[in-house]
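The chain below stands alone and is given in structure tokens; this is the form predicted on its own.
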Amino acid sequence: MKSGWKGGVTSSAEETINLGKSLSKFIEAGDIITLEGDLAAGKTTFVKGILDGFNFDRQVTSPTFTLINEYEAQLRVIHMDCYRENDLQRWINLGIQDYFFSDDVKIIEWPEIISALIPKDHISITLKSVSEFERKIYIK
């Protein structure tokens, strides 16, 4: 990832999307981005913004039940959600390591569940709920 993105504070879903869109300008092919935050912290909403920045004009949904969503955009994005699956062998069987070493952009929600598998060279972003609507989003 190119340096320069500072993160920020948002007070609506629209602002969270816009902050994600601003991050997209710094993302490069092959980047691995982890998103940490509590339930309803805005992780998938933030991903919508990143994809918006990559000119993706279709629906973006949480991969909580599918585990992995793939999006063909300006850069191909692999969006993973580890919340429901904590079996590392299942992730290996799904081919997660092939994804890690591809030129696709990988975005992982709930990365702490598979931290043993994630390459050390990744970008860690935290989304912290400050109030009901306000979120602080920053590179860890």
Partner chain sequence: MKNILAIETATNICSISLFLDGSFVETKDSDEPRSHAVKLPVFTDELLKAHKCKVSELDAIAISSGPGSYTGLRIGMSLAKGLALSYNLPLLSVKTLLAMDMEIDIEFPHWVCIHSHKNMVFAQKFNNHEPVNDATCIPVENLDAAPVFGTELQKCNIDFNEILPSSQTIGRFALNNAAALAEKDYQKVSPFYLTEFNISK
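Every value quoted in this text rests on a predicted model; they were computed, and no experiment measured them. Residue numbers count along the first chain shown, from 1.
There is also a form predicted in complex with the partner chain; it is not shown, and the following applies to it.
The closest heavy atom approach of Thr61 to the partner chain in the predicted bound form falls outside 4.5 Å.
Among heavy atoms of Phe100, some come within 4.5 Å of the partner chain in the predicted bound form.
Although the partner is absent here, Ile123 is not a contact residue: none of its heavy atoms lies within 4.5 angstroms of the partner chain in the predicted bound form. At a distance threshold of 4.5 angstroms between non-hydrogen atoms, Thr66 is out of contact with the partner chain in the predicted bound form.
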